[in-house]
Structure formats: structure tokens, C-alpha cells
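Taking the form predicted on its own, here's one chain by itself in C-alpha cells.
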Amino acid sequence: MSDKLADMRFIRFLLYEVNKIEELLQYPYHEDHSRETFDMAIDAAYDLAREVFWPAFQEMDREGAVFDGSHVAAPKAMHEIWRQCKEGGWFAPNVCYDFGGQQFPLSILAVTSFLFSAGNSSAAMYVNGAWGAAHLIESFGNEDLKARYLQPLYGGEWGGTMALTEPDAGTSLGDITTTAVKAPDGDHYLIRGTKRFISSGDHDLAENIIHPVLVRLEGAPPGVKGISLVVVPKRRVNADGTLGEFNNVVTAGIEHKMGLRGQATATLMFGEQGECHGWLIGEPNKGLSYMFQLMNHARVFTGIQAVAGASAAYHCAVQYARERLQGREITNKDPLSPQIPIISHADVRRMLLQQKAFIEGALGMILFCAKVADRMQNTTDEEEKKTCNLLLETLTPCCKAHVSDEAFKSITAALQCFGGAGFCEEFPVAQLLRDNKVFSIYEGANGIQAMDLLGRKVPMEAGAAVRALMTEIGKNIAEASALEALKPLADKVQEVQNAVIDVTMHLGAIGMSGEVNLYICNATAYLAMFSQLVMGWQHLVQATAAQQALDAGADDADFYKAKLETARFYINTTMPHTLATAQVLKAVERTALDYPPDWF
């Protein structure tokens, strides 16, 4: 196993030189912080990831979560991880002081989540679930719900989940059948139904688990317009905050998965064996819009999990490639000469560079989104807030879908660097590949993300979201073009941007003509093309910062030169495929749409 999970020098480069997050210190919410406290936080998170999360990575997979027919036990090592995260305040680093948080920016939360996920994604999911449930209640719950639930969730006293999916209603949330009937006495509802694929759905790490649950109230309209959100605790919570009786949230079983085996992914039955009480969050029939706030965060964080696994695999592959001796230089004909490390072979370096370029582009995109979210949360300028929201809406499908798809490919390349050893479970890369596959499936399968981008985000407000992003990209292309060394790269990104804009208008005309199925059948290819533009743009932004540092006489010249070459590699080898995809999309390929189901 590698003793390195991430490149902390590159993370600091993104935070301070590219995204300039010290600008966030101007806002009152973050005024107590400084670069020093930011560094302390990410360094402490990295130490915890390497020293506690990572050593338990394979152990948790071997042991798995265990269901005995009535209770779920998390892997033994997870108890120590939970304890240290609780004592270190890692359940809520960005939350306000009033609820026990430290008011760090979301940008810092994104980095710490990345580091924990690089160390052990199954473990990180237990911790992140509590934050997600609490954030929903904080955003939309009444004062009583906040008083009862927030501090225990943000403090790591209780666990949390997100309960959306049902056995017969997966992505099609409008078809959910879980019901909520107003109780004849009290302010609660009686909940009845089954939810499936609930991450951290049951475990023995905390004395209570809080479930935000999508339900349908009596008399609610059909479809998504009739969905409400309730909070359902595993054990009821008294007015004084003490725990009451069991709330009849019964675990029917846990999933037997190909990866993330340390994570207790449960099927839960609400109200099947007695009264299950739930309390309405916000207004009736607005549950889906509330849950989408959490889902959008979760989708970005799915991208974080995916690239985190790719980062861990990459550093394992680099270490192995430096240590593994095999073969000789092609020009060396002496069979008795010493063998050389496989990192000396050109094809191994190519595979390593593919991984490095993906990781740096993906992390750049995600941390750009985190900085935009920080601006949106803090600014009082309504126009800036609107622009930030448009940017996030557009980039969220890219962060989730493209990053998870490409992370799996990146880990495949890491495994290939190991040769036959990579196919064996003694090395962690095989498990990283297994764990990573689910990220293209959950939080909305990637085909759904593609349809969200092309079907919702592209036409949003008559194209305002895409225009906002293209304006941002255009500014950075102009900045890079002003640097003579970067102009060739800037021109190539400009060429791809022009092609993406052209295809977007072309597909838009098809959609406006009424051929909606033809329009949307191009969604997956469009998302790949669009995301590669975004990744190339982020590499260009990073190259600009690196070139400016070199021009200023920076001491760490090798780091910046490596960054420039990594950007050059991505722009020269991946972005030409974007142009090819653009040609396919303009050709209006519709074979899959017209292919009769009986022919399969």
C-alpha cells in the first residue's frame, strides 16, 4: 500500500494560487480564519486519512457490515474512525458556531472530504451522511426540529441518511408510494413504506440515526408535485432532547455489494411493525425541491469520492512503478544487464500521466464549484448569487457523471500498471476499482445526469446557465492567450469551446422543432463533450497560474513545469476527441433511438 494518497502541494496550488480562497476571508462568516487555519485543517485531515482511514481500508472490506437479522454492526475499525472524527469536529467543519461547527468554507470541506474518501470511502460515507441530514433540517426545518436534531448530528452523536429510493421507484421518484398520514393527536405523521439502497441506513456507531424521507401525504397530487419530506428518527426524540422509544424503523437487510462492503447499505421498512412517527420538513408537497438541495451537494460529493479513489490508486501505481523492476531499455540488447523500474517504460509513463491529468482536471473543476458555492453562500449581491447558482447548476452533472466515469477508467489504468498483481486483492487497487464503480450509478445514474444537463440545464432560462459558463471560460482563454507560452494551448481550448457552442445550438434547434426524443438521445455524448471542454478549461486555468509563477521567478520551478506539461498532455491528447464527438452529434446519429427493442 502506498503511504501517499494525494498531492498536497497540488491541492494548495488549487486553493491559493488558482482559486484564491483567501478572498473568502473578507466575508464575516469566515473572518476568524486565515491561510494558517486552512492549512492546519487540511493537514490534520490528511494525517487522519493516512493514519486512521487508510490502514482500515482493506480490513473494513474483508469484514464488511454484518446484519444478524435484527441489528447491523459496522466493521470494528469504523468505530475508531467515528470516534476520532467526532472528537476532531469533522462532522461539521463548515457549520456555524451556534451548531458546533467551525465556519470553514465549503472549499475546505471539499478538500477534507476528498482526503477522507481517498483514505477510505466506505468510512467517509458514514460521516458525510450525518452532515447531509442535518443540512436539510437546518435549511428547511422549523425551530423545534433544529433544536432537537442539529447539534447531535453535527456533533457526531447521531448518524444520518437520505431515504429516497424505493424497490419499485428508483430514479423515477414521482412513483414513490411511501405514505404519511397526519396523526389524530400530536404534530407528527404516521409513516408507512419501504426504502432501499440507504447508505449508512443502520449501524451501531451511534445511538440514533436520522432519516430524511420522501413521502406522499394524503390527498397529495400525483407525480413529483405531490412529494413531501419528513424527518424520521430511528428512536424518537423527546422535547428535552433525550431519546424516547424505538420508532419502528426496521432493517429488512443490507445489500451484498461488489464494493464499498464496509458501508451498511440497508433496506428499511417504516411502520410495518408498529407506528412510525415522522415530522414534516418545510411545506407540504415541496419535498423534492428540498431534497434536491442535498442531492446536488451529494452529486458533487460523489465526484469527490470518485476522484479521491482515483488519486489513491494513482499514488499506489506510481510507487509500484518506481519499485517494480522489469525489462530493459528498448535499445539495450544485453540480457545480463540489470532490469529497470517499469516507470522507465514509455507506456507506463503514458498511463500514469493519463491518471495525473484526469485527477488534476477533475479536482480543479470540483474546487472551482466549491469556491463558487462559497461565493453564493456569502455574497449579498443578488446578481452575483444568481450567476453562481447558474454555474453550479450547469457543472453539477459534469462533476458527478463525467468524473465518476473517468475515475473508473483512471483506476483501470492504475491497475494495468500493476500487471497481474493489480488483479489480486493483496494490493488495494482491485478494491479501489470495485468501490469506485457505484459512483456512476448512485445519486442519479449517469445517463440521468446527462439528460439533466442537456434536457434541463442547457435550456435553463433561455440558455443563461450555459452562457454564464462560456463567459467564464472565455475570460480565462483571453488571459492565457496573453501569455506567449500558452497561446497554442489557449487556441486549442478556444477551438473546442467554439465546437461545443455550435453543437449546443444545433441540438437546441432539434429540440425546439419538437423532436424531443432525438434531442435527448444525444445526452450522454453531449455530457462527455461538454465535460471535456470544462476539464480542458480547468487545465488551462492551472497552466496560466503556473506560467505566471514561473515568470515571477518561483522557487518551486519543477512543480510548475510539471503542471504545464500535464495541462499540455490533456489538451493535446484528450480534447481532440471532443472535436470528434462534436462531429458525431452534428451528424444527428439516431440509430439507437430507432432500433426496435425486438432486435436486441
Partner chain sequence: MKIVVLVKRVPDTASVFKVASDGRSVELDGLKFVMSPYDEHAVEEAIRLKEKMGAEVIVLSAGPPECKEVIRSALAMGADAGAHLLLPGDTGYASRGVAEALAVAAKTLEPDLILAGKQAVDDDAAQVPERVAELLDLPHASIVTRLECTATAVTVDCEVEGGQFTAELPLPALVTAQKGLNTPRYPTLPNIMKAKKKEIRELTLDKLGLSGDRLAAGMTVTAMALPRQQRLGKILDGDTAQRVKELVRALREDEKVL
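Values in this document were obtained by computation on a predicted structure and should not be read as measured data. Positions refer to the first chain, counted from 1.
This next part talks about the form predicted in complex with the partner chain, which is not shown.
93 is the sole member of 141, 259, 93, 271 with a non-hydrogen atom within 4.5 Å of the partner chain in the model of the complex. Only one of 426, 87, 218, 168 comes within 4.5 Å of the partner chain in the model of the complex through a heavy atom, and that residue is 87. Highlighted residues 41, 337 and 556: every one comes within 4.5 Å of the partner chain in the model of the complex, counting any heavy atom. The partner is not drawn, yet in the model of the complex one stretch among 570-578, 66-74, 49-57, 535-543 has residues with heavy atoms inside 4.5 Å of the partner chain: 49-57. Not displayed here, the partner chain is kept clear of residue 346 by more than 4.5 Å at the level of heavy atoms in the model of the complex.
The partner chain is not shown here, but in the model of the complex it comes within 4.5 Å of a heavy atom of residue 37.
When contacts are judged by a 4.5 Å heavy atom cut-off, residue 325 counts as touching the partner chain in the model of the complex.
In the model of the complex, at least one heavy atom of residue 104 sits within 4.5 Å of a heavy atom of the partner chain.
Applying a 4.5 Å heavy atom cutoff to the partner chain in the model of the complex picks out 12, 32, 33, 34 from 12-35, in order along the sequence.
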